[in-house]
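Given next, in C-alpha cells, is a single chain: the form predicted alone.
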Amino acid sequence: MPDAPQLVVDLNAAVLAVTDDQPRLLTVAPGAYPGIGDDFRALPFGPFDLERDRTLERCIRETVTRQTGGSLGYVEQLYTFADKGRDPRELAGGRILSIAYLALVQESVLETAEDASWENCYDYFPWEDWRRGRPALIDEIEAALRDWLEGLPGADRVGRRERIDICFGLGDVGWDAYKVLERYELLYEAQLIAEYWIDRGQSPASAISAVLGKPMAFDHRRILATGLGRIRGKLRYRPVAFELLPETFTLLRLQQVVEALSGLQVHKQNFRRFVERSGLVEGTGQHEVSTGGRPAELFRFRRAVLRERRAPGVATLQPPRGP
C-alpha cells in the first residue's frame, strides 16, 4: 500500500492591539517558502508537535513568544482552515491543516525579534475603515464587481448582485461592519484580490488589486478577516475591549479602542452614557494629567458586571446607511 499523505497541523495567531487610535497587527516574515515573496508578511505561525506540545493553546503561546519576543494574554480559538492548496508547502506532498487563534494584547516593543513587526490592520483591509465616512475605495470596488458580473452567465448574476449589495452596503442595504470575511471572500472570488493570482503563480490581472490592501503570505489575510469579524461581533456581548487597555484608562481611550476595531465612529456622549450606566466601568477617583486640556477621569473595568449581565458588551455598532 502506498504511504498515506502526511498531515501537518499548523497553528496561527491573529494578534491584535490598538495603539493611539489605530488597530495594529503583529506580523512576522514568512520564511523561504515557494511562491511567497520577501515583501509579504505572515501571522505568527508554527507546527504543532504531537510528541512535544501538551496543548494547542500552550503551543501557540510559545510559538508567538519564540517568533516575536512578545507574550499573549487573552487567547481564543478562532477557526480551523483545511482547504486543499491553501499553503504552498503542500507542493512537496501532504496536507496542511491550520488552527487559528485570536489574541488581544497591548502593543509592545519587539526588541528580540528581527523579523517581527507591528502593522496597521487597515493596510490589509482599507475598505473596512469608515471612521471618517464612507471610503472612496468603495466606489472603485463597486465598479470592479459590476464589471465582473457582466462577464458571468445571466443565471449567475442575480444572486451575486444581491450578495455584492449586502456585503458592501450598496443602495439602501447599509454597511454591516461584521461581514469582514464575506467581503474578503467575495473580492477573492471576483479575482480582484492579489492572493487569487498569487495562489495560481500569476501576477494580478486587475489594476484594482494594487489598492485593495497589502497581500499576506499563505491565506493569512483570510484568517485575519475571520479574526477581525470575530472581534467586531464580540464587542456586542463580551467586554473584550478591556483586554486592549491598561488597568486604568479614560473613557476617550475606551472609545478609541471600540472605534478602531469596529472601523466606525461612535457618538461620544451617547457612548459615555452607555458605558457608565451599563456598569462596565467604575471611577478610580484619579485623573490623567495631560497638557493643553482638562484632566480626564480614570476608570477601571468593573469585573462584577460579568455576574450581573449575561451579555456585557461595550457597544452595539450602528453602521451608517446609504452612500
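One-based numbering along the sequence shown. Please read these numbers as outputs of a predicted model, since none were measured by experiment.
Another form exists, predicted together with another copy of the chain; not displayed. Remarks below refer to it.
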Open item on the list: Between another copy of the chain and E162, D165 and D172, in the model of the complex, does every residue show a non-hydrogen atom at 4.5 Å or closer?
Closed with: yes
Task: One residue of Y196, F242, F249, F81 in contact with another copy of the chain, assessed in the model of the complex (non-hydrogen atom, 4.5 angstroms) - done: F81
Task: Partner-facing stretch of 254 to 262, 54 to 62, 23 to 31, 273 to 281, counted where any non-hydrogen atom is within 4.5 angstroms of another copy of the chain in the model of the complex - done: 54 to 62
Open item on the list: Is V211 part of the interface with another copy of the chain in the model of the complex - any heavy atom within 4.5 Å?
Closed with: no
Open item on the list: Within 4.5 Å, heavy atoms only: does L97 come near another copy of the chain in the model of the complex?
Closed with: yes
TODO: Classify E189 as contacting or not contacting another copy of the chain in the model of the complex by the rule of any non-hydrogen atom within 4.5 angstroms, answering yes or no.
DONE: no
- [ ] Tell me, yes or no, whether A17 is in contact with another copy of the chain in the model of the complex, where a contact means a heavy atom of each within 4.5 Å.
- [x] no
Task: Partner contacts in the model of the complex for 235 to 263 (non-hydrogen atom within 4.5 angstroms of another copy of the chain) - done: R236, Y237
